[in-house]
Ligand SMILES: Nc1ncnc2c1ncn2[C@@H]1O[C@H](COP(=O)(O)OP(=O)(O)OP(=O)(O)O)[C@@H](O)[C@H]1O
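Before any questions on how it binds or moves, here is one chain, the form predicted on its own, in structure tokens.
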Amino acid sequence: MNDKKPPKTIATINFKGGVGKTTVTWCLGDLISTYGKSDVLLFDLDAQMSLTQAITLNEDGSLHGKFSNWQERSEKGKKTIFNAIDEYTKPKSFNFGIDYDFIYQIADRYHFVPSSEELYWLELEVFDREKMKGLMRELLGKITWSKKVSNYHYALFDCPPSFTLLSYSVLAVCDLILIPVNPDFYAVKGVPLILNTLKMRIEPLPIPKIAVFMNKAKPYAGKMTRESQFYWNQVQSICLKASEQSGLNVKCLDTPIFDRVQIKRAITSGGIPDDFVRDFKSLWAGITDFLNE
């Protein structure tokens, strides 16, 4: 008897590049799988492939041997994320098989679905736009019921910095949308744009819970600097207004991730830096409390 349950799903988004969403998503997955003893599946859905390259490339730009062999097998067997999309949008049953030729095993509890250069084609008129909405729901269902892969407790999605067909498919099925903001002017101007776009694009489907937190906060004596706190206060006011006016379930998590040099090497070094464990544990506690409300 298969006693698997669908994973809790969290999508990290921001329409501005450089806010650190890719690194945050990676570190959360590493924290959950290492310290939370949970099985985590990480998706890179950005055609720029930043996360995929960080995970799979050596410093000289060559592919890790383990990943190179896996990728060759995956592409030969037509088991990439693009192959799954192509199969799903064809006018026939969705018979895409789920196994470890589709999912790359980074560590025992931390697994990965890499991006693909072909994702650039998604916005062209080669796919059924309406049908694409249900892709991730169907794919997660196949992953959940497959006897050939782990029983994932969480699925994390690193979404592209734009609203694509694939990101719509994710946001329409996820339990939580996670929005990192930086202590700068764009946070004040960009958050309303993100919230309004989410409401406009996802409705009439239910809009997931939305959690906002400060990333790259400037530290001073164990707290945020006055400047970082100023921008964070502005973001909180915007989210409160959006919640009251639009009915969005938005929560500001007062658990900043502080800006330190080590965080930039988190992915390539193969694990969350020790100095950041406490930051991410606090962030994760805030996320799980919100998910369970």
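Quick note: we count residues from 1 along the sequence shown, nothing fancier. These numbers were taken from a predicted model, which means no experiment stands behind them.
Another form, the form predicted in complex with the named molecule, is not on view; read the next lines as being about it.
Name the stretch: of 32 to 40, 45 to 53, 247 to 255, 230 to 238, exactly one has residues whose heavy atoms fall within 4.5 Å of the named molecule in the predicted bound form. Heavy-atom contact with the partner occurs in 45 to 53.
Can we say 16, 161 and 276 each have a non-hydrogen atom within 4.5 Å of the named molecule in the predicted bound form? Affirmative, all three are within 4.5 Å.
Contact between residue 215 and the named molecule in the predicted bound form at 4.5 Å, heavy atoms? So residue 215 counts as contacting the named molecule.
How about residue 263: is it within 4.5 Å of the named molecule in the predicted bound form, going by heavy atoms? Although the named molecule is absent here, residue 263 would touch it in the predicted bound form, with heavy atoms inside 4.5 Å.
I'd like to know if residue 23 sits close to the named molecule in the predicted bound form, meaning any non-hydrogen atom pair within 4.5 angstroms. Residue-level check for residue 23: yes, a contact with the named molecule.
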